[in-house]
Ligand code: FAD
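One chain comes next, on its own, written out as structure tokens in the form predicted alone.
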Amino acid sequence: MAEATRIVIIGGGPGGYVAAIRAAQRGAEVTVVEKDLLGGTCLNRGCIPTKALLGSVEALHKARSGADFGFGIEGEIVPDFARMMERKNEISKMLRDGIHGLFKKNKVKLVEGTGRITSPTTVDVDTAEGLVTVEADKVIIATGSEPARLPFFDFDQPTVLTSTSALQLEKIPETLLIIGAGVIGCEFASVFSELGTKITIVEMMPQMLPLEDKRLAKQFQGIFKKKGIEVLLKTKVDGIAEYAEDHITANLEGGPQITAEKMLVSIGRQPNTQDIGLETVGVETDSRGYIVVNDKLETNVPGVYAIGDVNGGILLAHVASYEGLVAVENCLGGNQERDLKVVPSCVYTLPEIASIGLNEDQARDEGYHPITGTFRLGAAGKALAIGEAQGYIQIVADEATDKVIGANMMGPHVTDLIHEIAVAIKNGLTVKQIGDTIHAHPTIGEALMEAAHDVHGESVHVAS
């Protein structure tokens, strides 16, 4: 009987731990090296903690809207920020414990410490008990990324926050300056504005959420404006005028200044590729420090793979998990290639935003003759019933084939609904096939059906 393939995975985030469990299911002997907490950034300092806080502020918003729903609450409704943060930590711990349980069930060995590749078949781990060498037939690097740090900001100052330190605040800031109107900046703005923080967002690009459809971004900016969130587009921070214990003053390009209690810098992420032994074994990186991989996620060093944020593809947790599965298949003799043509993008704001594939402008740029169908949630019974009628769903199709090639949507639960479009694009379905599929009523999901009908001007609920 052949010996089991030994796979060592450096990093226990959403890429690493998923890869570990799948490899163990395939009969491999798996060791995961993790220097911090299982679950990585997503579970401990990103996706899950921010969604937990968002869940708290959504409940707070609904409570404050009681009169609209026909009930009242005596006394002032105020946030208990300490309890919100405690709840966030409890949810992360619950999910971490779940991963530990899965490791135990699948006989995945966890070595706690800092891993460094010393050869294509060995990884040294600096543990609390000393140096441990782990032998491997294959190595998967899944060390992830961390918030990018601009050199002209002093991140040692208590008033300067990253997405990580923002999740460790002990009190709600009265004012907050956010640098960057991308996904992270907008999500934190949604949370803290509901908690009463006065927020200003500075974005150098001509629109918020630069990767989203420009019409969606413009409408979303209007929603932020109604919430009292000021958004300054085509604007750059030109240095810091003053660091103080209780405030920070930033210079804007052109002369104006902004003073806030805290400043959150959310301008992207950078890979965790330092001091993990890449130079020792000759793993190639690009000019930004990301590990270069082929379509099978293998580096230029045979037997060494890199998945998730660290390879600079699409920096999303669900992409890391998917790549983990692909890499494992190839580690065990498979011939699977990474396919990132259909990846849902989700923004967890109030309201939610989701998109996939091509928007109308992108489709035209790529040579399609796009046709679109749109359904506004103000005409959806379920959206009105739950008091969340802001937003819309738009489907983009190719006029020549009627195939779905993209969608963008804003409103309640759209981060769940986007997967119907993902399946449609992945399998080459047409808008007619979506429209001909019975959707339950009343649901937000039936708005997808209506948008599909509207591509050909046949939605019975869209006003002409």
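Worth saying up front: this structure is predicted, and the values here are computed from it rather than measured. Heads up: residue numbers just count along the shown sequence, starting at 1.
From this point on, the text means the form predicted in complex with flavin-adenine dinucleotide (FAD), which you will not see here.
From the list H318, K296, K109, K214, which entry has a heavy atom within 4.5 Å of flavin-adenine dinucleotide (FAD) in the predicted bound form?
-> It is H318.
Scan C47, I425, I418, I434 and let me know which has any heavy atom within 4.5 Å of flavin-adenine dinucleotide (FAD) in the predicted bound form.
-> Flagged contact: C47.
Residues in which of 153-161, 371-379, 114-122, 76-84 have heavy atoms within 4.5 Å of flavin-adenine dinucleotide (FAD) in the predicted bound form?
-> That would be 114-122.
Indicate whether Y290 is a 4.5 Å heavy atom neighbour of flavin-adenine dinucleotide (FAD) in the predicted bound form.
-> Outside the cut-off, so no.
Residue contact check: I184 to flavin-adenine dinucleotide (FAD) in the predicted bound form, 4.5 Å heavy atom | Although flavin-adenine dinucleotide (FAD) is absent here, I184 would touch it in the predicted bound form, with heavy atoms inside 4.5 Å.
Using a 4.5 Å heavy atom cut-off, state whether V265 contacts flavin-adenine dinucleotide (FAD) in the predicted bound form.
-> No, V265 sits far enough from flavin-adenine dinucleotide (FAD) in the predicted bound form that none of its heavy atoms falls within 4.5 Å.
With heavy atoms only and a cut-off of 4.5 Å, decide whether C42 touches flavin-adenine dinucleotide (FAD) in the predicted bound form.
-> Yes - in the predicted bound form, heavy atoms of C42 and flavin-adenine dinucleotide (FAD) come within 4.5 Å of each other.
Can you name the residues of 7-31 that have a heavy atom within 4.5 Å of flavin-adenine dinucleotide (FAD) in the predicted bound form?
-> In sequence order, I10, G11, G12, G13, P14, G15, G16 come within 4.5 Å of the partner.
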